[in-house]
Every structure is written in structure tokens, then in C-alpha cells.
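Only one chain comes next, encoded as C-alpha cells, the form predicted alone.
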């Protein structure tokens, strides 16, 4: 009992419990949910699809985790996804024979570079100009969608270069290739933030930027860096999104992704008040969002009702993560037991 009580205090405990409950629900009520088949040397099934479809959100959540840890927010990542997809689609293009306009690595590098520059723009507004993060990123969220539309000439741009499809459609050792991209990004981010002092600097800025500055931490550079990194993650996510459908739509690519990614970070245990962050928790949060979405659609729930169901589940998980709420519930039942 003491071990369970200790585990329940861990931020990642309740997200894992929520994911486990969703999986158990599907085990009993969704036919063949855990059925995995091997076709053409690859694994296929609902679980594999959840991992594959959650990959773009996971990539965004990695960058947003560090931004939120500094007590900031970035609501422009969805638009940056669209910009990245538009740039790589226009540069690769390709005719029906699959011959790209420019070499694929150059096109991908250009898309990621533009995304990093977009993140640096946000970082400059927040760290140098002193603008509120939600306002600074709202500017790019609106303007970025227009930039993506201009980049693609307000059209859906189709790609025919098959090698580029590896990012979003390819498989390696039976698993979607995109999950290896997520794993590599998370591993590198964890090494940099947990094996160096950078992670402590980020948390210190999120807890108290003034005290961090007096301690010798350059808070402005930390803020600038995390927003640039968020742009990098959004750029990579844009490549995966574009590769999955082999097209770029400036109006719809990445639409709503910023909300799902922020939700994943919060569900994973990282507080919007800044401070300590949990990269692994953000990945679990993304899996919760995608599993819940897949479950709802599997039952044929109308889209307008699906949003309400997702919101209720998020509310329950968030309340379970709150120590004050759990203490209040425990105190309520304790008093009732005493009165009886």
C-alpha cells in the first residue's frame, strides 16, 4: 500500500494509468483492437496505427515541453508544421516519374531551417522584446498560416518522389519509421537536458527567471533557445506530416496540432506554471490523446460529440494528477467514514 501511495505521487503515474484504462476498455469492447498482423514484412494493427498517427504530435510535444517548462507557450507550432510541409513540397515537387526538382536532403534541410527561423522569431519576441508568449506565438500562428498558403500558392501540392515517403509511410524492423525519428529526438533531448546543466537552467527560468538571472543564468538566451528548438521540432513534424500524405495543404496541414500537443504535455505532468518537465510523460500524453481519438471513432461517435468526450477524459486525468484534488477527495471520504 505504501509503495502504491508513493507511486501515485509521481507525475507520470496517472497518465500511465489513464492509458492503461483506455487500453483495457478497448480490450473488452473494441473487437480485434490488439490484433497485430504481419503483411509484407511490416506490422499492421490498431496499436501500430496509434503509434504512427501520434508521431507528429509527439514531435511537437518534445519542443513544447521545454517551452512550457519555462512558463511559456507556443501556439504557432501548427502553422510552422504547415510552413515546413509547404517548403519541402514546393522544393521536391516531382513529376509523374518521381524526379524531384531539388535533391530531397536539401529540400528537407531548407524546410527545417525555415522552421527554426520561425522559432527564433518567436524567441526574439519573447526574450528580447519582452512580449507575452501567447501573444508572440499568436502572431506567427496567424501569419504563419498565410505564409504557408503563399508558399503553396494556395493549392494542394502533390509529391511523387517515392524516397521521401519513407519518413511518414515507411517501416523499419516492422515498425513505422516515424517512431524512430521520435525516439532519436527524445533521446538527444533527454541527453542534453538531463546529462548537462541545461535542463536545470530551463527549470530554474520557469520557476523564477529573476532568481535565475541573479544566479548567473542567462534567462534570455534560454528562452530564445527553447523557442528555436520548438520550431525545429515543428519543422521535423511537418516533414513527417507531408511525407504521410505526400502532399502539402497550407490551409489544413497541422491544423489543431498545437492544441493536441499542449494537451499531451499537460497530461504528461508538465505544469503550465513552469518548472520541472517530463519528456516521457509528454509522449504518454500524446498516446492518450491518439488512443482516445481512435477509440471514439471506432465506436462511430459523431465528431461534435467526440470533442466533448475527449474533454471529459482530459478533465478526469488532470484532476487525478492534482495532489490537492486527491487530498480533498481522500479527506471527504475520511470524514464520512468517521461520521458513520
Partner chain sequence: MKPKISLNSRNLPTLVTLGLFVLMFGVGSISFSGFLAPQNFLNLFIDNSYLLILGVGMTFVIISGGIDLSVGSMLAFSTMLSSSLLEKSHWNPMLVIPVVLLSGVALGLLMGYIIQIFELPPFIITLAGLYLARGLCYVISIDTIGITNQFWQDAAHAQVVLIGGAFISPSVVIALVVVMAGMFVSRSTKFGRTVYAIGGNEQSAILMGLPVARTKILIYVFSGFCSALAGIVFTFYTLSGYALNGANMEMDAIATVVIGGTLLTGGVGSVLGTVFGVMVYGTIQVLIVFQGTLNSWWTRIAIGFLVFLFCLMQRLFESRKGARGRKRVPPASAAAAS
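Values in this document were obtained by computation on a predicted structure and should not be read as measured data. Positions refer to the first chain, counted from 1.
The protein also exists as the form predicted in complex with the partner chain; that form is not presented, and the subsequent description refers to it.
- Residues with any non-hydrogen atom within 4.5 angstroms of the partner chain in the model of the complex fall in just one of 99-107, 127-135, 225-233, 84-92: 127-135.
- When contacts are judged by a 4.5 Å heavy atom cut-off, residue 117 does not count as touching the partner chain in the model of the complex.
- Contact annotation: residue 325 falls within 4.5 Å of the partner chain in the model of the complex, judged by heavy atom distances.
- Under a 4.5 angstroms non-hydrogen atom cutoff, the partner chain in the model of the complex lacks residue 179 among its neighbouring residues.
- Under a 4.5 angstroms non-hydrogen atom cutoff, the partner chain in the model of the complex lacks residue 17 among its neighbouring residues.
- Among the residues 73, 167, 157, 112, the one placing a heavy atom within 4.5 Å of the partner chain in the model of the complex is 73.
- Screening 184, 143, 173, 190 for any heavy atom within 4.5 Å of the partner chain in the model of the complex leaves a single hit, 143.
- For the stretch 232-258, the set of residues having any non-hydrogen atom within 4.5 angstroms of the partner chain in the model of the complex comprises 251, 255, 256, in sequence order.
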